[in-house]
Structure formats: structure tokens, C-alpha cells
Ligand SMILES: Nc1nc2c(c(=O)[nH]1)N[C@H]1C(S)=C(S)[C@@H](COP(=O)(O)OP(=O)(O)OC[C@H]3O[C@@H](n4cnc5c(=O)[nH]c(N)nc54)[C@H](O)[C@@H]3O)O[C@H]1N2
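Only one chain is shown below, in C-alpha cells, and it's the form predicted alone.
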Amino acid sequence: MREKPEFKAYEHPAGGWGSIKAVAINVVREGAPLSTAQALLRQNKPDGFACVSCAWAKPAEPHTAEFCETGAKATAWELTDKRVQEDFLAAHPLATLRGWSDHELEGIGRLTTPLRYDADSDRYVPVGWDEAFAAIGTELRALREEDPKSVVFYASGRASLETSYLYQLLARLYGNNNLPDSSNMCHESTSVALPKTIGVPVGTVSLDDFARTDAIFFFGQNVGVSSPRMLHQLQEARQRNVPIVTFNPLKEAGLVHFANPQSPRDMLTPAETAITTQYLQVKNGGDLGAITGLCKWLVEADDAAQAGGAPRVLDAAFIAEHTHGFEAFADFVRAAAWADIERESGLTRAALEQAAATYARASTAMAIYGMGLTQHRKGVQNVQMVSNLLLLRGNIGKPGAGICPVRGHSNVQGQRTVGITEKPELAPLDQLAALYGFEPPRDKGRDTVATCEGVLDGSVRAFVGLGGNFLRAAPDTDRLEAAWPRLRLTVHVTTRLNRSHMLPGQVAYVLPCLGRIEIDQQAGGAQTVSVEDSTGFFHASDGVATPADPNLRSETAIVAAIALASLPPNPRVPWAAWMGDYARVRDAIEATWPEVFAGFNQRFRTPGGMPKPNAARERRWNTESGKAQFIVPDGLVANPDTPEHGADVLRLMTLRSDDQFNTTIYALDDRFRGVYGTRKVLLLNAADIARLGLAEGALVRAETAVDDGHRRAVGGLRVTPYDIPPGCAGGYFPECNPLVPLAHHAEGSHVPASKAIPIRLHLEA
């Protein structure tokens, strides 16, 4: 599919007929419409499978169609009737395929046989499973003898709890904690920030809270694309006249209005639900300033209330009993100047005061946020400021209130729960040692940034990837791709070819796996896996579709086979038994975390999910002080180490389209933003276009305005006027990832700071 750019405004709500049409087009494009339709009826149902796209919660009483447009596209994508044929591989050297787009590469179809890279022909060639595992084992054993810490075990966020548990054990038995995952690229800022504030690394909101809340505050999360099923809860809240206040640089359709495809009234009449009641277009990186403004108004309103003998604005009793550090935080916001808040946030004092007053009137409130908050230099402090805002009125640990980070990948939170982490202090190493009779490594492993650094300096020798498209998702793409072929070994477990596979190591294998939607038949019969949703509930997931090919193996079986081929024999680690019966893996998970997974095999089919213990929900604070902690930020500036010199420097944020999930591109359209047939666009404020002497449709090259000795540029971007704050720009992920310096990451969490990249534009001929 070649690019045929077209631009026209989309005036319709999220959902509605537009969503139905988009799903139908996608299903037809992928093929297998009958199997897709049958699968969709069991998506996110107790007798079916957990969606392979987002991790939004699964209700105990699901809707008839408990799937969204994004989830339906992901299902059609997995159940496609397209296959990568041997003659295609023979006809296409990798040098040719590297010129293909992400969309074209993944559009070839499902892989059905293991592949080995043949350097002489520059092609992938089919290979048998036994031969592949033997060769991989030989390489990994040799690298383990030299330096076990030179190998990285990356996990994307789709792998089940069972596979993830085996994968982290494989890495630690191998001799390292090199377990980077997609959390490192998105919500690591959450898991670093929240333990210091409320004592848990995850959110506190459950689905039940949506029916009890009096106000919802959104920060940097595009619900219409990233988690559309949440629109059901938001629509029901709006029908109760619950105000929804949104902070986001772009006006996103899903946060503006929604027509429910399952509502006859919405589909047969012009009816729609206005989602946001106050929309504040904060500038890229302006979140610290904006939330400081909210907190400043609340604290000073409370000061005035006390002085005048009026009812308190803050929850004084909660603050006194349950928190620590309030006075220092209150002093910080009192001292913050409104002029600085307005400059850094791009919002007016009046707008922030209106939003703060809405919050003050609500007896209960929840805060929902996404990567618009976490992917910043100050991403950790952004999250802590949201926590501060909630603590001011006791909105943690009571019904209808709480903090709600929205995870992207379908089990990225669950992977962390079962040990996928580079941080040894977060893994139950003593328990693993006792269960399996080995001494686990105790030093910190490599996260995503450290993995990239190791590839660049040569200290990383091998990369094993459990799903994902690491090279496209990672920052500083061009530098990383140049260094990647120096790796001794690359192994990718996947369902389709993607860009990462086009840059093989000296020895390289691509191992095709079953998708979660497919029936996983093992020695013990058809297997069930499990996942954890964004709200901390575990769910069973059963495959419902015939596998794309009888030769495919499950992720769990592949991980176990790599372990058997690579590790010394250990009679206490029953890889073969686990491979045949995943219930035994769940028993092992329960034995490793008995306080979290008590009764796992008996309870994980609970309607609505099996809840994970969450102390903060019960106002038990596992923090250093034993109380919820107010954290004072160190300022309001988004990028203090990359100052914006000159009026020609813009702040770029990377975006996903509605025909995309993470690095997977379903089509070249983004109907919500009125962009069709291309992804090579740069969304700019009309005033900036005029100020910079550009014109709509002009082609520009964006260059990173960071002087660190490396030139970073992305060319061929079409200037497109859009409703975005002055001084800001929007461009698509992953196409704009080459502009993100590896060192430009969140302080404390190392999440790539993709939401406020300083850039300059240069007109192309």
C-alpha cells in the first residue's frame, strides 16, 4: 500500500457508525471474517479470551459486545488468513525489506515456521524447531561461559502470566536480571513514583469506583484510541452528570464526544454523549505547572476558609491521620507564582481555578492518566503531583476515588507482578532460591535505556525478544539500528515479521508462536493462560480459534524449550512438565507469591477477575514514613537540561493513530485527526506555521535541538495545521522515535521522554 495523503476534518464522535465501518474494513482487509466474528463474541468474556490489545478492566457482567474498535482490529490482525510463504522469503532479501514500512512488513501475514538468517543470501530461511533450539542453546551456553550479563531477555506486554513467570526464571537461572520490558518505555514512571507516595506501584481504582465517583480528571490519556472500552464507564458517569475535566494538548475525539455502538438510541438518532465538561489544552510538558495551579488554588482556598471560619476545602482529618509532608508541599504551592504556572502550563489562571473548583465540589474524585504524563523528563514528578492532588482531599482509599494509570499492552502490569523486572529488590529472589535451589543474581539488570547503551558500546552481545518490536519502540532509533547487527545473537518470538527482524545479529532466529486467541493444545490438553488488567485484577483467558498452522508453538512452550537447550540440568525446575500443563505453572506462581496468588487456580476464573491485594485501597501505606507521602517537586520546568533556545524551537510529542496499536500499524489512516493515507505529518499550530514562514503542505525535516554530538533528524514530514497549543508539535510514533535522544529520559525511571522533545524545522526542497 503506497501513500496517498488526504486531509479532511472528522466531525463525528468516537464510536458510532465510524467505528463499525473501520472494524469491517479491517476484518475484510485481514481476511478470515467468519472466525473473527465468532471470536469477537467471546472477547473479554468469562468463557473466552482476554483482548490482546489494551489492558482495560473486564467487567463481571460484560456487554454483549465487550470489545472496542481497537480490540476488534487486534483480533482480526491475529486471525488473518495471510501467511508468510517460503517463496516470499526466497524472493526478498533483507536489504529490500528494510525499505518497507512497518505497515507493509506486518501486512505480509502470520509466520508459521521457524526462520534462520542466512548471511550469504541475506535472507531468512525455514528451519526445524529442534535445529533452531539446538543452535540457540549452543550460542547462549557459550555466551554464558564468557559473561552471562551480556545477554538481554526483553519482554513485550502481551505475554501471559505463565509465560512471563517462566521467562524471568530463565533469565535468573541464566545469571542476570536483564529483563527490560515495555513498562520501561511507558509506565515505569508510575511504578517508581507511586511506591514513594502511596506505597503501591499500581493504581487504586476499580471498575466499581466509576459508578460512585463525583468527578473524573484526565491527564494525557487518549481514551478513544488507547482504551475505548472505558468510554462505557465514562458515558455512564456523564449520564449521572459527573463532570470530566481533561488536560491534553490535542482535542481528541474520544475525550470530546461518544456515540455508543451498542445503543440503539445512539445509532439510530443523532444522539451522542459529551464526555469532557472542561477541556484544558495544556502545552507539551506543561503538566507540572497545570497540577501545581490546581493544588495552589485548593491550598489557598483552604487557607481563606480557615481564616474566615468557613468549612475546610481540604480533608484536614485525612491529611492529619494518613499523610506526611503536607506543610512542605503547601508551602511550595503557595510560593509558586501564577505567572510561572501560566507560562509553563500554557493555561490561564481562570481556567485552572475553574477546574480546581470542580474538584473541590466533588465528594469523591478519581484521576486517570497515561503516557502523556509518564514519558517526560519529569514523568515521575508528574505522577507524584497527581497523587498530591488526590491526597489533598482524601481521594485515595475510599469508594469512588483513586488514582488510575491506564496501561497499554494487555499484560504489561501482570508481567511485573510475576517478576519481569530488572530491579532485584522487586523480585522474590530468596523465594526463588528456596524453590529452585540456585543463587539468583543480586545486582541490578539492564532496563530499556541500559540495554540500548549496551548495544551501542558493545557490552550487550545477545538479545532475546519475547514479542514486541524493540528497535522501533526504543528511542534514538537510527543510532541503535546502526549498532544492532554487531550483536552475536538475536532471537525473536513473534507472530509476524517487523522492523526489528530486518536487522539480524550474526546468528539470528525468528520463532513463530501461537496468538492468545488461538487454542493452545499441549500434552495436558487445551491450556488456559492468565493476565492482569490495569486495575489489578487477574483473568483467565482461553483460546477460541484454530491455530494459524499446526507447526506453531506457544510462547510458554518456546520459553521452556530455550531454557532446556541453554541451561544446566536442574531437577527442581520442571520445564517439560510446565510446558504440558500451565496449571502447574500457576501453582509455582502461587508458591512464589502466596500472599498475592492464594488459591490462584481456583480463583482466576472469578467473574470480573481475581483481585490483587492493594494496601493503598485500604489506606494502609507501605511507605518509609508509614503514611501517604506528599512529594515536593523541584520546579515546574519540563526539560531543565534541554532549554528551548530561540523562537524556532518547538516541543514535539509523539502520537498514536486510531489505526494503530503500539508499533503495529493496521492502516495509514487516522480518521479522528483527519489524516488519511500517510503517517508522514507534523501537526502544528496555525500561528506557528505562519510565524516560522511555512505553509500548509510544505515538507520539512525535524531535527532534535540537543547538542550532544549526535545529529538526529526525520525528513519528509508534511506541515499540517491542527488545534494544538502554540510552540508545540505532534508527530507519529514510532516514525519520530529517531528524534528522541537516549539520554532524554525520565529522571528516576528511565522512560524515554517522548512527549516534549525540543526540535527545529528545516524546509525541504
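Note that residue numbering follows the sequence shown and begins at 1. These numbers were taken from a predicted model, which means no experiment stands behind them.
This next part talks about the form predicted together with the ligand, which is not shown.
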Between Thr642, Asn176, Thr276, Ser156, only one gets a heavy atom within 4.5 angstroms of the ligand in the predicted bound form; which residue is that? Ser156
Considering Ser566, Asn498, Thr623, Thr417, which brings a non-hydrogen atom within 4.5 Å of the ligand in the predicted bound form? Asn498
Taking a heavy atom within 4.5 Å as contact, would all three of His409, Glu555 and Phe661 count as contacting the ligand in the predicted bound form? yes
Taking the shortest heavy atom distance, is Ala57 within 4.5 Å of the ligand in the predicted bound form? no
Quick check on Arg393: any heavy atom within 4.5 Å of the ligand in the predicted bound form? no
Does any part of Ser182 reach within 4.5 Å of the ligand in the predicted bound form? Heavy atoms only, please. yes
Is there any non-hydrogen atom of His744 lying within 4.5 Å of the ligand in the predicted bound form? no
Counting only non-hydrogen atoms, choose the one of 317 to 325, 646 to 654, 592 to 600, 298 to 306 that falls within 4.5 Å of the ligand in the predicted bound form. 646 to 654
Can you name the residues of 476 to 495 that have a non-hydrogen atom within 4.5 angstroms of the ligand in the predicted bound form? Val493, Thr494, Thr495
